Ligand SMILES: NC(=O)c1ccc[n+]([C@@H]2O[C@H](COP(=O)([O-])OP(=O)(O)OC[C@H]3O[C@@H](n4cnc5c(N)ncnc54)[C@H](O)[C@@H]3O)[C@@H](O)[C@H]2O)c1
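Next up: a single chain in structure tokens, the form predicted alone.
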Amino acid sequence: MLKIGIIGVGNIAQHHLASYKKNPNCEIYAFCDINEQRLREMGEKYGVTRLYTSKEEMFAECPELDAVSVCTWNCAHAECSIAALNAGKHVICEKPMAMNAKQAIEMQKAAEKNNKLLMIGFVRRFGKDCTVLKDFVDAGDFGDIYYAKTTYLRRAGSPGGWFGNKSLSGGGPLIDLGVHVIDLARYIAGRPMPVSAFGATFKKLGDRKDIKKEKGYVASSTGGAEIFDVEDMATALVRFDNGIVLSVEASFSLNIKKDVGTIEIFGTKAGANLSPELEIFNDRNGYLTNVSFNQSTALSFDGLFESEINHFVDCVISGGECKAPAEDGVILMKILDAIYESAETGHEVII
């Protein structure tokens, strides 16, 4: 039975906790959060009495902990993950891995030094949509993939709180939303290595607090006075070592009709659109053909985080190959760093 600690018990931690609770090999053992009121509330909700506002204190008093979920603000991912790894714990760290590639590399080194698993929370890799599309790609049905397009656009979807504070988040929609689709496209295409990036970011519409909406994306905390000093839209082209070029668009605020989330890939034998159901486009016997499925191929959050956490637990117990290793988190952070640098300089950045 693995004893699990949670660092940061806000919104995203709820998905981890619900998944651990269903796993028969896990015991939710200790919580750590700087928000004492939330810490107490979560302790009562899950029946956890080992509650700490200091990760150092938690590790000192709970040496029996086996693994930790890091679900903090982005700015604390590296610090908390490294502390957990140095304390001899396996770690699953939410995306993005860190604030930048330098921190991500330090995290990877800590995992290697302590011979512990560091898994990154690329939860989209565990979606049904990804699984089906990757089955076809891996079978060679797409031939040589040479271009991909990813979009994660919100019309008025800034989460507010710490997400708009660059010192806590590291950036806006690129590092929050773009990280999902960039990683998913790279994973589906066989994890090629990035060689360069050209990007642009915009601060035009802000967080649109004046817009009256039926629903919104809400952060669990503000981290003090609420500010918005991140980009509200980002776009980029990323080139990979096997010739693939990836187009990326991500926004918190953009004058579009409705929110858009798509993954498109284009190969010599076929193309595909994942929005939301998977469709494959090719030709047969001289005719252009569109392939749809008799079962749902759309992303579903039902069981999504559960699949991710179960994989993490299985890897810890069995020592098996991790589907979302630290090295992929480092590569993703190098891509994000390059896009942000390109946006500042106006030039392509070599990775």
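All values derive from a computational prediction rather than experimental measurement. All residue numbers are counted from 1 along the displayed sequence.
Not pictured, yet referred to below: the form predicted in complex with this ligand.
Segments offered: 337-345, 21-29, 5-13, 324-332. Contacting this ligand in the model of the complex at heavy atom distances within 4.5 Å is 5-13.
With a 4.5 Å cutoff on heavy atoms, Asp176 counts as touching this ligand in the model of the complex. Contact check for Thr150: every heavy atom lies farther than 4.5 Å from this ligand in the model of the complex. Using a 4.5 angstroms limit between non-hydrogen atoms, Thr72 touches this ligand in the model of the complex. Contact check for Trp162: a non-hydrogen atom falls within 4.5 Å of this ligand in the model of the complex. In terms of contact with this ligand in the model of the complex, the residue from Glu231, Glu249, Glu94, Asp129 that brings a heavy atom within 4.5 Å is Glu94.
Scanning Lys166, Lys89, His180, Arg125 against this ligand in the model of the complex with a 4.5 Å heavy atom cut-off leaves one residue, His180. In the model of the complex, Cys32, Asp33, Ile34, Asn35, Arg38 are the residues of 29-67 with at least one heavy atom within 4.5 Å of this ligand, listed from first to last.
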